[in-house]
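Here's a solo chain for you in structure tokens, the form predicted on its own.
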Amino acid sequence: MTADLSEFHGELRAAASGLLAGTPGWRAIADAGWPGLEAPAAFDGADGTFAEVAVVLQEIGRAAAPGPYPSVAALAIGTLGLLSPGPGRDELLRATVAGGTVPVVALDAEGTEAFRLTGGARPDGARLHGAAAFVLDASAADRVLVPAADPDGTAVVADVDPADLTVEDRPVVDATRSLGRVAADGVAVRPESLHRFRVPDALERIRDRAAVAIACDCLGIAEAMLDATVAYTSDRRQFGRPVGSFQAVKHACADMLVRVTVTRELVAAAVRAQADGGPDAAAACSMAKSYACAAAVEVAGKAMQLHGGMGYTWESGVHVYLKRAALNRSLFGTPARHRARLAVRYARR
């Protein structure tokens, strides 16, 4: 990262922190230009990279903020960028950048279900079948981009109206997030609503982007919990001195700092790899996702413990971060699944 970009990212981080402190709606986020940070200038975007999107994603995690920004900026914009240009794709990309629409990619966060197309030769278009069990922000979508296999096995994306699908909210432990099951039972898809990818490994790239976005969220969670714990243990006094001066508490905070520092380095490497599109992007993704998600749960759990009895109350807010970190751990690949992916990669060498 150049010095100029470091300064810009610092300004973007400060602006994001300030806006998120007020719990903004989607219109405010769109007016800030966040959906179009990575989009080309030709589509009214900021012509940036995933590195700028990652700054906002990290601040969203730090604030444990709700809303569909991760789904739109990390998944939908990323997917649209990998599709072959055309009037339908270009129109949707421009509308997404402007904040006029909220497209959500029906990508199963558990990766256990999938969609397929049949009857491509029908005069009224192909038919979409299948389901995705856990789709992030499914209920917030006004357009659903459904990755599917066409009759010859090629990966395509169907642009579908949510009204034509079955969307069921799924209860999850994290109240700041929304997930739903999306199902299609023979939904008609017109030829102009079917889009093809420009690259053969697009679905894997999209899933990796989603995993890195969750890792950014985890970094924000861990940083927020470390800051809150240091502030609390510096202020809370016992036996005439701050509890943070006790050796056991200091060592616990030092352990949290180590976890946050390592997480920050791994996430930065994964974000750079996503932005540059390098050959090691998949490995960097799995390293960041597996470590950051485990670290966020550990740091948030330690924060609850070091806040004493206050940490276990509803009012403390620590539980919000712990629940969000716990959900993050299972989205787009558990730490165990990503470590297994790395093991296979290095076993081949």
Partner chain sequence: MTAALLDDFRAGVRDWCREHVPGDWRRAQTGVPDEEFAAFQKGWFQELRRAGYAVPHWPAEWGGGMSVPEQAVLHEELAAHDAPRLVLAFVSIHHAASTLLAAGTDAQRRRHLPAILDGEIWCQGFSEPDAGSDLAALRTSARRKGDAYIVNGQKCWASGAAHADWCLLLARTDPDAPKRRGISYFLMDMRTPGVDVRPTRQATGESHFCEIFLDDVAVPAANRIGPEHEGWRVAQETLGAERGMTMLELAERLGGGFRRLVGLCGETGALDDPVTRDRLAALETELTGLRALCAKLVAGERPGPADASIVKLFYSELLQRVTDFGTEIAGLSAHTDLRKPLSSGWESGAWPLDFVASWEWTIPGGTSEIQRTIIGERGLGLPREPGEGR
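Numbering follows the first chain given and starts at 1. All of these numbers come straight from a predicted model, not from anything done at the bench.
Another form exists, predicted in complex with the partner chain; not displayed. Remarks below refer to it.
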> Are all three residues 23, 41 and 83 in contact with the partner chain in the model of the complex, where contact means a non-hydrogen atom within 4.5 Å?
Replying inline: no
> Quick one: which of 167-175, 142-150, 259-267, 195-203 gets within 4.5 Å of the partner chain in the model of the complex, going by heavy atoms?
Replying inline: 259-267
> Which one, 255, 185, 276, 161, lies within 4.5 Å of the partner chain in the model of the complex by heavy atoms?
Replying inline: 255
> Would residue 230 count as a contact of the partner chain in the model of the complex, using a 4.5 angstroms cut-off between non-hydrogen atoms?
Replying inline: yes
> For residue 242, is any heavy atom within 4.5 Å of the partner chain in the model of the complex, or not?
Replying inline: yes
> Taking heavy atoms and a 4.5 Å cut-off, does residue 9 contact the partner chain in the model of the complex?
Replying inline: no
> Any chance residue 14 has a heavy atom within 4.5 Å of the partner chain in the model of the complex?
Replying inline: no
